[in-house]
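Only one chain is given next, in structure tokens, and it is the form predicted alone.
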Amino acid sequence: MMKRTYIAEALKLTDQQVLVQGFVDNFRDSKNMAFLVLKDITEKIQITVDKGSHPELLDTLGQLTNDSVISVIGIVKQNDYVKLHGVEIEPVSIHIESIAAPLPIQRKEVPATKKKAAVERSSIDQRIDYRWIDLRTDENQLMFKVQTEMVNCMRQFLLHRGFLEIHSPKLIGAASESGADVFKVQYFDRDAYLAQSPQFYKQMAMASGLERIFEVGPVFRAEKSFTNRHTTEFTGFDLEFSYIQSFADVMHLEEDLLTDMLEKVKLKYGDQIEEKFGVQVVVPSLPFPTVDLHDLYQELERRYHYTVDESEKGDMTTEAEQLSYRWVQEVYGHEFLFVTGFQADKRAFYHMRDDKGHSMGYDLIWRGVEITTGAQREHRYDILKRQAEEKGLGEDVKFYLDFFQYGCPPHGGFGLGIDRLTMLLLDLTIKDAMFIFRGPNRLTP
């Protein structure tokens, strides 16, 4: 049996015999000739069949449908008349691996012609019903190549700076962080919960002396949100590191991490992203702009007449997030904005607080959407215990508080949602940006 050649490589092997395999992306059958476009994860290539020269292939061609999976052995030929790369394969054999039934969804809109009416694209929910078919498009496959590059770049950035990768449990015995918005599951003879974040275990790693850690893993949120950016399960990219002097150290690490990642994604996929999604990958300048929350609300009111009740000014509203993008572009020509000065009662109990009662942390807004809440954590047991009790969480988080009784260095960190980063980078909705979306009304496929 011949060894398979990926199509991207086969395109370079003029006058050589290759075995290529993939999905039939397009099939045109005429009286004397048949033209197939074969697609694998790397590229597409035209298969040109002269029926007069290959009568043995007629039966196979008669069975083919779009999206069927085939194996083709043939000779790679240069042909300037072929629009697709100027290359074709003249087949010696075509073997059908799997016949595709008529597709139940329309993956792309088809514009009207003189002879045919336009065909509408299926809705996102219809396409998620058949997500494995929808994922075959060039755009979706590029999306996951880009996402892979994003995660790999961030992972390599941290590994080069001495970070360790951990894998914390997702089944936990107490409702993490707040006691609300968690999924309860039956765990033998008692209740367990799906982790809202790896936060407690990241901090346990700090108390363990691991010093610099990160994790890529699932995160669960039992929120009945129906926005274009919320989901009940997503992939988080979290990190934590010790011996910081302030939360500014956390901010500096994040801006360096994201700038390095975007630079590499742009270099590798920038042109393809612009072609397929119509979006430019912008590599940000350093440092990212920073604004105090109180000052931001004043600016939004002065410039755009945006006002909120005083009771809401300790945190950012969704509208303020969106307007902040307009503001940071006008004032700094930047896509990112650090916002500091949040009220402690609007933040998690484990955030360290300053003398004014503000959280020693920040939100990072990208293109008008919050992508990170980061902070210096409270590592002193007595203070942390008091802050947990203020929120009525004393007993629920006792196991977590124990981490801090036996010595723990000052530390901080943040988390990023990989799916939300993908959504913002490519200008999609969260349903489009995930391998398979999970929401209050979606538990399949």
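Just so you know, these numbers come straight off a predicted model, no measurement behind them. So that there is no doubt, residue numbering starts at 1 and follows the sequence shown.
The form predicted together with a small molecule exists for this protein as well; it is not shown, and the discussion that follows is about that form.
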Options 81-89, 276-284, 363-371, 134-142; stretch whose heavy atom lies within 4.5 Å of the small molecule in the predicted bound form: 363-371
Position in contact with the small molecule when the complex is considered in the predicted bound form, options 269, 234, 163, 325, heavy atoms within 4.5 Å: 234
Of 264, 358, 221, 313, the one that lies within 4.5 Å of the small molecule in the predicted bound form (heavy atoms): 221
4.5 Å heavy atom contact, residue 415 and the small molecule in the predicted bound form: yes
Contact test in the predicted bound form: residue 420 vs the small molecule, heavy atoms, 4.5 Å: yes
Non-hydrogen atom contact residue 199 with the small molecule in the predicted bound form at 4.5 angstroms: yes
Residue 351 within 4.5 Å of the small molecule in the predicted bound form, heavy atoms: yes
